[in-house]
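We begin with a single chain expressed as structure tokens, specifically the form predicted alone.
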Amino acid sequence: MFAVETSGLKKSFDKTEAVRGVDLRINKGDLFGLIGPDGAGKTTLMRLITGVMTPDSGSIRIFDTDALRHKAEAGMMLGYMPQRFSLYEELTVEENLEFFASLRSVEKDSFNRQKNYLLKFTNLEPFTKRLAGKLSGGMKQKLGLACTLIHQPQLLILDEPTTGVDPVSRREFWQILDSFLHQGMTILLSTPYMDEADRCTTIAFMNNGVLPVVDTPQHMKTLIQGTMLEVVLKEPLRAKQVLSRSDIYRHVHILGDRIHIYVDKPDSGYIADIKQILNNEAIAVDQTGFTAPMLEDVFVSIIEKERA
């Protein structure tokens, strides 16, 4: 039995196919990451799984329950935190928890136990009487998570939960998620951060409404053919434009202050050649060397193949 199983899932908006026949299986206890460019269909797929949207065709099962026929039953097994979680800013931390518990028909005794547990777990205990609108961004995210978990779901679905959150709050948020994973919860999340994707047990790359690759982060990195050469410099965009003119260096990716280039083998001749090309254009190189492929490299490679 899978935590989530979809078959032939489709959803269109006017003439745009947002989700195109997605078959997806998520094992119980998995941390499943959904990665892809903006407009790939990730949010639509998550909304279909949660029941917020109804698919045009296909099936969805949540822990072997038909989520389309038994929407309420499936909904009680999952918690969904969208990109913009709608906290009530004029209510206190505690009042928000009470409100979301009432929406889920959580009994009073169960609510009190879960509330106390979640407040302590998220370090929100000292702020129960503070208005949600007065919380920091990281604290709002933790309160949103607590509200999502108030009915003790088995499956947690998070749509880019740490976007716009400071690094310290992001680390604290992940510590909370790790603890729930150790308790056996299944988590499906989308994220724009590759370091977060690297923490997942399984990741799916989504593009143009389909999932061309679903695999472990470790195995995905082996999909890159050849050797990765890394060049650190202050003008990566101009360097990419210069190198991309060559038939040899067509696969050039920018990653911050560096560029990654696919080459056939770890030959120092490539390094000397690239330095010479860039030097001819007055582009200074700070550092060069061979490196292991990163997830960004894999995803850029997949997107280029899809476009081709």
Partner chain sequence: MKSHSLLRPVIKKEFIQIIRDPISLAVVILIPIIQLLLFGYAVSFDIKHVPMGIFDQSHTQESRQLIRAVTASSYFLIADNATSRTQINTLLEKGDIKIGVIIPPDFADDINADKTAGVQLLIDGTDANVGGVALGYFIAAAQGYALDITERVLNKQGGSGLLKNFPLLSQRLRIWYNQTLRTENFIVPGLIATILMILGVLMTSQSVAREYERGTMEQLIVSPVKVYELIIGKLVPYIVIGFVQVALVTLIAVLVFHVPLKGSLLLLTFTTFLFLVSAMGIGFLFSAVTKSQQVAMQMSFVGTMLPSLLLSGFIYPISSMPIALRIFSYVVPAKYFLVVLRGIFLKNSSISILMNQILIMILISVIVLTLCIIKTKKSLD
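Residue numbers count along the first chain shown, from 1. This is a predicted model, so every value here is computed, not measured.
From this point on, the text means the form predicted together with the partner chain, which you will not see here.
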Problem - Location of the partner chain contact in the predicted complex, chosen stretch of 51 to 59, 273 to 281, 30 to 38, 259 to 267 [non-hydrogen atom, 4.5 Å] - result: 51 to 59
Fill in the blank from the handout: Interface check vs the partner chain in the predicted complex: of L131, L181, L233, V210, the one with a heavy atom inside 4.5 Å is L131
Exercise for the section: Find the only residue in D215, E172, E95, D198 having a heavy atom within 4.5 Å of the partner chain in the predicted complex. Expected result: E95
Exercise for the section: May I ask you to check whether P192 falls inside a 4.5 Å heavy atom distance of the partner chain in the predicted complex? Expected result: no
Problem - F121, heavy atom within 4.5 angstroms of the partner chain in the predicted complex - result: no
Practice task
Check whether R84 has any heavy atom within 4.5 Å of a heavy atom of the partner chain in the predicted complex, and answer yes or no.
Solution key: yes
Practice task
Report whether the minimum heavy atom distance between T148 and the partner chain in the predicted complex is within 4.5 Å.
Solution key: yes
Completion exercise
Near the partner chain in the predicted complex, with a heavy atom at 4.5 Å or closer, the residues from 67 to 88 are K71, A72, E73, G75, M76, L78, Y80, M81, P82, R84, F85, S86, L87, Y88
